[in-house]
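Just the one chain here, the form predicted on its own, laid out as structure tokens.
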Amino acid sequence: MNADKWIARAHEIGLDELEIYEQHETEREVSWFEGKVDSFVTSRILGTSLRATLGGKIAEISLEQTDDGMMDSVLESLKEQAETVTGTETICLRKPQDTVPVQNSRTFTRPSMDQIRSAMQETEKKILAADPRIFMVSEIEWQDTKTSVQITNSLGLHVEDAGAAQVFVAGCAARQDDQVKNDYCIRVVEDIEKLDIDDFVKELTEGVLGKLGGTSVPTGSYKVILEKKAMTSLFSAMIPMFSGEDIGKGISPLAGKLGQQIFSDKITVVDDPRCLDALNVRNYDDEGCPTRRKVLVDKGVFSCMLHDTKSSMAAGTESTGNGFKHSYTSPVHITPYNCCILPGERTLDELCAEMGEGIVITSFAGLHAGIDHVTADFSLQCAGYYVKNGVKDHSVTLITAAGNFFDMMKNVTETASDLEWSYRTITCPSVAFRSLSISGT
């Protein structure tokens, strides 16, 4: 499509502003099951989303295919939609802003099908040979993607971002007596020839075997460490509380708490779409606003909320560059990107040694149903292992952790050094707590 023609025509028919958002994505997925390639799918998506404003009201439409012959019908549809918008909220598109983009240094080498097939075959054999209790390889998958986003609007904005990823995934199941457990492992792989399959299989099999033989514990208050994956999943479920829109509407538990101590002084939370340690960087959000590093929580003090253009206008402030789409067909939402709790200096083993006796939680279940996002109360089924004399003693299952997220986060004793981005845009290190209520036997 000719963006200049579309913008000129939008002005001719009376629209105030027009934005053209184009997303190009190529993807390849390969799955392996029982000794052979189970599926092989390639896809290529070129999608376009248009946003137009009229009298401060905004209309949006998404199209799989666009050409200049559709111009009049699409723009007239946008105008009609904008004229029917009700409500008092207004919005405008972004003007260009000066910024210095950063460049991700990751280089992905796209493997051949023979290389993928060989890695999958070797992985399956080594998983099954690792331990007689492992009876099934439930999944082995490869996925590589390339994505680019280009945004052009009638205010002179023209920006673009691009990203890529390659991931290798495997899962397996193990049985001991009448107990069956599952686990999976994901690795970001820049070059499949350099993938350490032995190390990958070791991480996967140790994870699933460590869940076997689990027992419950008596109900009570325990010293607890949330291992990095468990901490990440819980923190990710709570992350909408930093939305400036929700805070402005009073539906976030952080409403009215800016500048107040909300967590322990051991906790600092940073959101940085330009973080070069993460898988991908974004120099611009999906409205074309330059991104930047923000400290959301500074040593326990709530110091910054997240905004897109709409919420920042309502709050009388500037966007933080956190207006992102889940896909070209979805609307802009306030979304953290490369957000983390900063790590400490001690290893998880050192935190266990310092704890002496307690529980390490490695996974949560029911995160969507077990959290009250208004009060931040939670009650979640979880599993992990019991620590005695500073080392792992036995696995723990069929327990429930309950409390209030803010009370818990004020009760932090230390953060570990094991922060890992991998494929995530939200991540945490392992975190130790003085106490947490556990329901068991």
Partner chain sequence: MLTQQELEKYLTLCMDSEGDFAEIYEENEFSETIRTLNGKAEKTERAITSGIGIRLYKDLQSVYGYSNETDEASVLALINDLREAVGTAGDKAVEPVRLTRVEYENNNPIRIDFREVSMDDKMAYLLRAYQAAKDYDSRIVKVRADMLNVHQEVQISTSEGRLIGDTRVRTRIYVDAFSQEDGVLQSGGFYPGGGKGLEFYEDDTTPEEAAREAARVAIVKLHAKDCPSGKMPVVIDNAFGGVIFHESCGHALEATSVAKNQSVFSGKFGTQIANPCVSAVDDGTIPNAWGSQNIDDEGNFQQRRQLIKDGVLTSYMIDRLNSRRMGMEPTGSGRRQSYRFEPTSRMSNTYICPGKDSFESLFEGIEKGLYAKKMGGGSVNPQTGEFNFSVMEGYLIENGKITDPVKGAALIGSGAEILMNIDKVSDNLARGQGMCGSLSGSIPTDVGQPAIRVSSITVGGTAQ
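Residue numbers count along the first chain shown, from 1. Keep in mind that this is a model prediction, so the values were computed, not measured.
Just so it is clear, the following notes concern the form predicted together with the partner chain, a form of the same protein that is not shown.
With the partner omitted here, the residue from A129, L276, C92, I251 that has a non-hydrogen atom within 4.5 angstroms of the partner chain in the predicted complex is I251. From the list 283-291, 316-324, 264-272, 366-374, the contact stretch for the partner chain in the predicted complex under a 4.5 Å heavy atom rule is 366-374. Here the marked residues V41, L46 and Q65 all reach the partner chain in the predicted complex, each with a heavy atom within 4.5 angstroms.
Looking at F33, you'd find a heavy atom of it within 4.5 angstroms of the partner chain in the predicted complex. Remark: G403 counts among the residues lining the partner chain in the predicted complex, judged by a heavy atom distance of 4.5 Å or less.
Not displayed here, the partner chain is kept clear of S105 by more than 4.5 Å at the level of heavy atoms in the predicted complex. Taking non-hydrogen atoms only, V391 never approaches the partner chain to within 4.5 angstroms in the predicted complex. Residues from 305-331 that approach the partner chain in the predicted complex with a non-hydrogen atom closer than or equal to 4.5 Å are K310, Y328, P331, in the order they occur in the chain.
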